[in-house]
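Read on for two forms of one protein chain; each stands alone as structure tokens, with the labels structure 1 and structure 2.
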Structure 1
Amino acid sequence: MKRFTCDELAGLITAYLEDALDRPARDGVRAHLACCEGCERYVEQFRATIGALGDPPPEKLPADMRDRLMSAFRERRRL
């Protein structure tokens, strides 16, 4: 199992919360969180922020930009 410093763990939070870490790394994060109150609090704050903000709505393109992109895609298909 990998052991992480607090700084290393901070860089892995997003991957940890998205379940994108391999098992040894995930186990290392969990072990660190079990013994580090500061990092545990940091992860909980991160989760609370995600819960409060949720997924942002997709950004809408202005109509003229969308039309230009669609024209460019159509033109490219013709080539």
Structure 2
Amino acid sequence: MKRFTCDELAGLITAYLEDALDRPARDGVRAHLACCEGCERYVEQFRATIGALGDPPPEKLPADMRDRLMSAFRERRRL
């Protein structure tokens, strides 16, 4: 198992969440998180950030553009 300092751990969170760490590193991250409140909270905030990013304001194409694209799709069959 590897041992990490808090700043090293902060740099590994994405790799940890992606399951891209080798076993000793992953175990090291877990062991560190189990006994470091600051890093545990930091990882929670990372997860919350990812959650917030996945909830973007809705977007859609202007209705006239959507209509033109539907027509273009329909036209294609006649060519």
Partner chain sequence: MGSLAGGELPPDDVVVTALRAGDEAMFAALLDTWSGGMLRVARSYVSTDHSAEEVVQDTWLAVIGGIDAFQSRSSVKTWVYRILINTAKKRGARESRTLPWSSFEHDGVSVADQGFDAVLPGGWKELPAAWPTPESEALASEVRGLIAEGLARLPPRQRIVITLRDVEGCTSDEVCEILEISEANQRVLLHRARMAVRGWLADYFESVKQPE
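Source: prediction; values computed, not measured. What we label the rigid core is the largest C-alpha set whose atoms superpose within 1.5 Å from one form to the other. Numbering runs along the sequence of structure 1, starting at 1.
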Quiz prompt | Structure number, where the criterion is the form predicted together with the partner chain | solution = 2
Quiz item: Is residue 71 one of the residues whose Cα moves 2 Å or more between structures 1 and 2, with the core superposed?
Solution: yes
Quiz item: Just checking, between structures 1 and 2 and with the core aligned, does residue 60 shift 2 Å or more at the CA?
Solution: yes
